[in-house]
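Take a look at this single chain in structure tokens; it is the form predicted on its own.
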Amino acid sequence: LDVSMDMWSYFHTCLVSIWLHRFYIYSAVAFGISLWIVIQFTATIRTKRKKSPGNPASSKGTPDKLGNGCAPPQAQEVPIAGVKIFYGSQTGTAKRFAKALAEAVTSLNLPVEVINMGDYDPEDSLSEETSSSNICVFLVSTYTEGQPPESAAWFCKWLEEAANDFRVGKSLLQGLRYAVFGLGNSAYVDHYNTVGRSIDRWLWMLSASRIMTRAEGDCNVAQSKHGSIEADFEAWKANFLTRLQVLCRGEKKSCSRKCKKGKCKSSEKQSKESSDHEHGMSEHENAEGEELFETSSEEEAGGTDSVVDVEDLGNIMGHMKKAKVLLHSRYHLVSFVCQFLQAKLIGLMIFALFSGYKLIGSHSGVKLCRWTKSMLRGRGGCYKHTFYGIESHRCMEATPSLACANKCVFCWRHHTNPVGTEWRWKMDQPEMILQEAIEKHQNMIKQFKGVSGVKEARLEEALTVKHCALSLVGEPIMYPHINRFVRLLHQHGISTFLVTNAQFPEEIRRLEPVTQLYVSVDASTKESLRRIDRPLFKDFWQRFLDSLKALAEK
């Protein structure tokens, strides 16, 4: 027994000693872990450097690689099929320059095509240039208040939206090679060449590759680099033709924008050739050009006072324009992490941006209508109450599909919902959607208990849903089980009100009877419908007409 007591006393003394000196133990453990991390990191860096193509030691056995990590010219040789010259002109200057450039390119025995931006549909055709081996040249002027010419308005609008829409892949224009010459007047300081700079930036954001740095012509003779806008253009044209001849001889295509400063000889040469044409570049822009990603305007970095939408976070993380990555291995790590976060954040962004929504499953939602709240307080209801006697406080606003096939300019959800032309999401069953929709709707109604002005009688009535408006957001008719969902609503004594955007005529024909069916008619001509609804279907106009016919057949 004494031996047992002595053992316990000794053990107790050790425990107390450890507890009293725990700080030193924690410090030792932390030091050990830190030392292990440093050793692992150093070993990884050394391994990367040994394997790096830029390492002289490793390049001895690999003569077919360049010092900047780019593949040799033989491996990246890209033939030139021809040159397409796009122009956007208000007074005719850009058009005149385009024709002059076309004549010069023709002298090099290269096919050339001059295209008015107003006659070109970028949504259907621009992505085809990624595999056409053409060089695309953009000559565009800046009009009043920094706006593009009328002929280039749609082209610029589409390009801007594609570059800033997180739902559009940032490699949309990867493979397209381009050059930009902007026309402007430096007397308008705030808007000088903003259109040319913007086009350059948007193309770059969509992974297109510059063959040379953007140049700018200045109508202000006093500030023009070469004395006039015509002289500015001639100087740029000479450099462009030289660059074109070099590409025709089989030089490797333009830098992948991942080379460090001083490592890529081709980009240094390109920068030297075109530096005379970067008129008005500020010190801030020059600093931008020295960063990891090749930029050519201050807009690419984003102004300090610009507002960043949540939906643009994935875009910003994907480019990491402000990150000065010192090691090639770190670049890959950051790029991987950003792509991972972008993929994971899409669902969270949709949830955060649909303010007031209650999401159901993977593709449905429910929300209290403002008229429901109004009628709970004893005020007026929506037009359905006036016309059809439907009590707004007993109406549930829901949708079985947050997705839509349009990107309407007037969208009240600020284009935060997913888009697509076909169903490609995990499908929830109608019974689950209806059950959760009613439960979440009732929970939102209950939150009004005790709120000043809310009528208790109407609050009790509102807990029993009598009408469902399938017009919350998205395209409800895209849901493959929409007929089952409508039948369930009717079986529960709930009338239905469904709105479709006139892009799914066959689904309209297959739709079983609903209480009220509406087809949105947002424009009267093909061109106006394309500009207003911005449909994803290429045959949107025929679908629109067929939808109206299908509605008439009902």
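Here the structure is a predicted model, which is why all the values come from computation and not from measurement. For every residue, the number given is its place in the sequence shown, counted from 1.
Separately, the form predicted in complex with a small molecule exists; it is not shown, and the next lines address it.
When the small molecule is considered in the model of the complex, E145 lines it closely, a heavy atom lying within 4.5 Å. With a 4.5 Å cutoff on heavy atoms, G184 counts as touching the small molecule in the model of the complex. With a 4.5 Å cutoff on heavy atoms, Y188 counts as touching the small molecule in the model of the complex. The shortest heavy atom separation between I229 and the small molecule in the model of the complex is within 4.5 Å. Residue-level contacts in the model of the complex: of S392, S401, S141, S198, one residue has a heavy atom within 4.5 Å of the small molecule, and it is S141. This chain appears without its partner; in the model of the complex, the one residue of C219, A104, V419, V473 with a heavy atom within 4.5 Å of the small molecule is C219.
Exactly one of the stretches 110-118, 89-97, 480-488, 365-373 approaches the small molecule in the model of the complex with heavy atoms within 4.5 Å, and it is 89-97.
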